[in-house]
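Only one chain is shown below, in structure tokens, and it's the form predicted alone.
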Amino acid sequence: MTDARIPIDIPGHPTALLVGHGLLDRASGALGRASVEVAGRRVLLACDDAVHATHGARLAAHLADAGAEVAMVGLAASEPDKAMPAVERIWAAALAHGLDRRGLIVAVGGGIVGDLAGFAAATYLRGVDLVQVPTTLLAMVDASIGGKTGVNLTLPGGGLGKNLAGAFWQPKLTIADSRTLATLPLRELRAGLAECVKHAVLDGEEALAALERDAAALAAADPDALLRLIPRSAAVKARIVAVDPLERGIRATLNLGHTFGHAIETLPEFQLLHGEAVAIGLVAAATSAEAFPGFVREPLVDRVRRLLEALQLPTGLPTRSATPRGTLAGEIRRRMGFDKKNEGGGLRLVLPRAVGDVEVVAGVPESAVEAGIRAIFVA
């Protein structure tokens, strides 16, 4: 099967995403064609602990065979661990391995590891080369694309603020080996599909209809359906970040579902994966849009909910909880106040007017925000 190459034409920093089967065993050749030579170069692999001994070790052996001097550092891939001590761990490993400004850091794992390794690469010696090797669906279609890196911060009053410290740092290349998805737990693979729903809503009717047709196969992790989906979904983000690499405008629409999703993702009693929180956030955002008088041209709540359910993703939190619903709703609203898109102390939400028509909106009526929060809870 032919590899797919999705160009990401960042002004001044052109890069690309390669998608194919068995790419880990061909990584040095792919890097060489992207003018990233590894022979004689010191390379640090920052690996998710879950794939350190498998995909990480496989890639390390391949790069060593190609003449690289390779070292590895393992990282815990959890939101509480996505913090500065993990970045310092990468810096320390880079120093111990003798990485100079010609060094290369390779992120191997999901979005958390990609963000940590990317932030370390952006700041070590004021910047060394980075390659992303995503091994989760979410990272392949979304998190590894566009150069966002960073860590979480503890919020005033408690809770985690998602990605509130970081930098933009473009990888020289992103290599997505679909074979790695065979080892991904089904729950985590399905969680990545939430970002694909987001991309389809942004892209338009053809993309959303294609996702609806393949929903059952994707929920079952069908390899052929995934290979159809990954390049199509990733290309949506690639087009948007190429136009707005520093998120000064249209790129913020990629946060559809994330203002609500980030607010509930780190609620400790639910233990949601990022994509699961985004799925719930997509329903909440569509609900807010419909509750905003005169905003929508095409109601999307029911269609989005049906698609997420077909993909075996959650569309709301259970109301059965040790914490009262009113308390949870208040905490969600408080955390939304720390979202990165907010300006001048005011909340900004990404809301869909229709399929293919999504906007960043300031001044959303509080009644519409509250409607979205109510939609987060299901009986």
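Model, not experiment: these values are computed from the prediction. Residue indices: 1-based, along the sequence shown.
There is also a form predicted in complex with a small molecule; it is not shown, and the following applies to it.
Asker: I need the one stretch from 284 to 292, 205 to 213, 120 to 128, 76 to 84 whose residues put non-hydrogen atoms within 4.5 angstroms of the small molecule in the predicted bound form.
Answerer: Within 4.5 Å of the partner lies stretch 76 to 84.
Asker: Any of the heavy atoms of L227 lying within 4.5 Å of the small molecule in the predicted bound form?
Answerer: Contact with the small molecule, no.
Asker: In the predicted bound form, is there a heavy atom of the small molecule that lies within 4.5 Å of any heavy atom of L184, even though the partner is absent here?
Answerer: Answer yes; at least one heavy atom of L184 falls within 4.5 Å of the small molecule in the predicted bound form.
Asker: Does G257 reach the small molecule in the predicted bound form if we count a contact as any heavy atom within 4.5 Å?
Answerer: Close contact is absent here: in the predicted bound form, G257 is far from the small molecule, nothing within 4.5 Å, heavy atoms only.
Asker: Answer yes if any heavy atom of G110 is within 4.5 Å of a heavy atom of the small molecule in the predicted bound form; otherwise answer no.
Answerer: The answer is yes: G110 has a heavy atom within 4.5 Å of the small molecule.
Asker: Of the options I240, A139, A234, L307, which one has a non-hydrogen atom that comes within 4.5 Å of the small molecule in the predicted bound form?
Answerer: Among I240, A139, A234, L307, a heavy atom within 4.5 Å of the small molecule in the predicted bound form occurs only for A139.
Asker: Report whether all of E276, T315 and A371 sit within 4.5 Å of the small molecule in the predicted bound form, measuring from non-hydrogen atoms.
Answerer: So, no: the whole triplet misses the small molecule.
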